[in-house]
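The chain below stands alone and is given as C-alpha cells, in the form predicted on its own.
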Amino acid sequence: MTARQLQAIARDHGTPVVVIDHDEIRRNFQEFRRHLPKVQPYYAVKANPAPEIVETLYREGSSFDVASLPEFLLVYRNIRRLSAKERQDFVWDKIVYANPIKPQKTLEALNKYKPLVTYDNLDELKKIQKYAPKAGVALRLRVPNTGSMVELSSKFGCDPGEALELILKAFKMELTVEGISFHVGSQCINDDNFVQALNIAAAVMDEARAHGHEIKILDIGGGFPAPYNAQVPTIDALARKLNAEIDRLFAPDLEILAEPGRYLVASAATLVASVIGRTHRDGKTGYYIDDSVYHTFSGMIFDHCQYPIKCFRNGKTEVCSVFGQTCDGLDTISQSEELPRLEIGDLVYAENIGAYSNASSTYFNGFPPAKVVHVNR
C-alpha cells in the first residue's frame, strides 16, 4: 500500500484503521507453494480469523488449521458456502484440528465431521475414543523450539520416547493414527529446529512401521517466519533445507502438510492511527495515539512482537516515546522511536501487523478495536 492510499483510507474510515491487502496474502501463499511444492499449506486461522482472509486463501487452494470449535465452524461454513456446487459430507482434506487438548463438547460436535485431530497424551486419546470415535488422529511430538519467538514445546507434544506407545494404544482402542505432527515454535528463525524435528518424526514413523502401522500424514506445523526485519531469514533458504530432508527421510507418497499463520498474513496488514496527545517527560517528547497494546498492538503483549512506528511527515527526527490511548501504564508502545516532530491530528502507521494483533483486540477501558478495511479482494 502506498502512503497516499493509506492516508485516503484513514480519511474515509477514520482511525485507528487496519488495512489488509489481499494481494499480499495471495503473494505470500504462492511463494510458500513455490518454495515447498510437496507441502500443502493449512492456514493457522488463529493468526487472523477474518472470514475475508479465509475466503481468499480458500480460493487460492489453502486448507486450514483450526484450534477451537468456533474456528472450525468459521472455516467449515465458508467452505460450504463457497463450494456449493461441490457439496461434500466431510472436511478431511480441508481442515485439521491441531489443538492437542479439546473440551468434551467440542469433540462431540466435531465427531459427525470425521475430522483429523491431534493428541499428545493418553487421557486425550481416551476422550477422543469416547466422544469423537469417527475422528482420525495425529500424534503431536515434542521437538526443539530453540530460538523461536514463541516457545510451544513446554505446553504441547509427547516425548519422542513415548510416541510408539501412544500410537499402539490408539490402534488398540480402534482409532486410526493417520499422522505425526510437530511445531517448532512460532516465528522460528533457527532452521535446525525443523531439521531435528523432521529426523525425530522419521524415527517415530519407522518405529510404527516396524510394528505394522504405516503413517500416511506428516504435519510439520507452523513457525515459518514473517519478514518483520532484515535479520529474518527468507523462506527460500529454509525451504532448501526442508526439501532436502523431506526427500532424504520420507517416501515420495507421504502426504505432508504445514500450518503457516503469521507467514501468510503478517505482512498483509498496516495500521494507521492518529496522534491524540503530546507531552514532554523524562527528557524526551512523548506521543499518544488512538490505539493501544490492548487493541491492534496486542501482539506486543501476547506475541512478543515489536511494530516500529512510522509517519507521513519528513524532517529531522528525535528519539521519542509512543503511548497507547488507555489509562494503563502498561500501555506503552515504544520508548525509543525515531520520529520528526508531530502535531496532534497527524497520522502514524505500523506495518507487518496482520498476525496476532487485531485478532486479540479487546474493549479494555471502553475503547473498541480498530476498524478493519480489506483491499484488493
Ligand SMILES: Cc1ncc(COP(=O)(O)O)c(C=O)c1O
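Just so we're clear, the structure is a prediction, and the values are computed from it rather than from any experiment. Residue numbers here begin at 1 and follow the sequence given.
Keep in mind that the form predicted together with the ligand is missing from the display, and what follows is about it.
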item: Candidate from Gly136, Gly261, Gly299, Gly157 lying within 4.5 Å of the ligand in the model of the complex - any heavy atom; value: Gly261
item: Selected contact from Ala269, Ala197, Ala98, Ala273, since only one has a non-hydrogen atom within 4.5 angstroms of the ligand in the model of the complex; value: Ala98
item: 4.5 Å heavy atom contact, His295 and the ligand in the model of the complex; value: no
item: Non-hydrogen atom contact Tyr287 with the ligand in the model of the complex at 4.5 angstroms; value: no
item: Residue contact check: Phe224 to the ligand in the model of the complex, 4.5 Å heavy atom; value: yes
item: Residue contact check: Gln187 to the ligand in the model of the complex, 4.5 Å heavy atom; value: yes
item: Stretch in contact, per heavy atom within 4.5 angstroms of the ligand in the model of the complex, of 343-351, 308-316, 40-48, 325-333; value: 40-48
item: Interface residues of 339-365 toward the ligand, as seen in the model of the complex [heavy atoms, 4.5 Å]; value: Tyr356
